[in-house]
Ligand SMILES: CCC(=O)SCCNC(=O)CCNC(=O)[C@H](O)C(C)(C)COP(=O)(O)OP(=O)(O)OC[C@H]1O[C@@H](n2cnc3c(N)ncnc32)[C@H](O)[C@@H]1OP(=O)(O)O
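In structure tokens, one chain follows: the form predicted on its own.
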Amino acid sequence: MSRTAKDFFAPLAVGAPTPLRDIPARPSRAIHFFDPGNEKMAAKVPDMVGSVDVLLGNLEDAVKAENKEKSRQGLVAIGKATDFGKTQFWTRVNSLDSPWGLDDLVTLVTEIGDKLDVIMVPKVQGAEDIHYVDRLLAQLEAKAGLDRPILVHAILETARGVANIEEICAASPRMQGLSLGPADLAADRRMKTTRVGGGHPGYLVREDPTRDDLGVPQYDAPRTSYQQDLWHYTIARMVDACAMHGIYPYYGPFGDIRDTVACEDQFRNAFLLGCVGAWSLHPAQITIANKVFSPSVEDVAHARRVIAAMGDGTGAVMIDGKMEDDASVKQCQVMVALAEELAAIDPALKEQYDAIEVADV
């Protein structure tokens, strides 16, 4: 028997913190992954605080089985020793069907639950996975005496997860967002690509053949082709599901670290579709994500100008030969709100946005 709507926001364990009714819109342009069991990588964490929106201690696939315990304890040590300030502290635990997933949750919540903002759960198949984590976290939060709930982020890595995307988003008030996991999802779908994110030169459309003077198609003549985005459908579906439930969508990893141009293109596609951030596997990708997922000065100036010209938001005006109406104002308000959120944590961006001339508006 399902719970009533009134029970949905009640704690799932005696003494657990009250669930949130709204997920805060905290800037998270780059979710930077690090292995807490790698001493060299872990030593860099304190210096990265403030330069990236989210630092995520990864315990899952990139960590070898023999290093799982070491990485978990390394993350506990980092959590206890580090003041993260405005930078969010996340973790990706091992999958729920692994030998390590339960120990990850029990250890991290009881040891450093007061520091953790979000727990990323991989390979989520349906609402039942979120329900399990939800109840367990409530019990552990009560045991640890936490005064705020830890949020949950699900990775879409299976066809079943994508098929159940709406019920996953709606499964718990803890749901913070979703990330696209392109590599595992490609394997589960039997897609014929071995790339981790990004496009593929074989996924394309080609222009029609030209015709000679008699109207005969010239099939052997050169024809322009255009590479398409393998992930457009999934990202768009993820964005819709997240928007419907008031949570946040993210692009996942882009595996070719050296191809910064294609990485920026893929991140921008996700940004334009509605994603709020992407994963970073290398410091170079932090720079790309911070650039792409921040509205440009030109976009902010235009958005402010439209809002000012529209007054109470009714009717329509002409700006630079283009019609702007109430729908335009709503779009512009999204852009301005994001700029204000980012300016609150990024001094360089605040300086740029503050320098927009009144004449520009």
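The numbering used is simple: start at 1 and walk along the sequence shown. The structure presented is a predicted model; accordingly, all values stated were derived computationally and were not measured.
There is another form of this protein, the form predicted in complex with the ligand, and it is not shown here; the text below is about that form.
Contact check at 4.5 Å (heavy atoms) against the ligand in the model of the complex: all three of Lys44, Val196 and Pro253 pass. Only one of 75 to 83, 202 to 210, 170 to 178, 273 to 281 places residue heavy atoms within 4.5 angstroms of the ligand in the model of the complex, namely 273 to 281. None of Ala62, Ala309, Val334, Val49 but one reaches within 4.5 angstroms of the ligand in the model of the complex through a heavy atom, and that residue is Ala62. Of the listed positions (Lys68, His302, His32, Arg26), a single one reaches within 4.5 angstroms of the ligand by any non-hydrogen atom in the model of the complex, namely His32. Residue contact check for Ala183: one or more of its heavy atoms lie within 4.5 Å of the ligand in the model of the complex.
The ligand in the model of the complex is not approached by Lys322, whose heavy atoms all lie more than 4.5 angstroms from it. Using a 4.5 Å cutoff between non-hydrogen atoms, Lys40 counts as a contact of the ligand in the model of the complex. With a 4.5 Å cutoff on heavy atoms, His153 does not count as touching the ligand in the model of the complex; it lies far away. Using a 4.5 Å cut-off on any heavy atom, the one residue of 70 to 94 that reaches the ligand in the model of the complex is Arg92.
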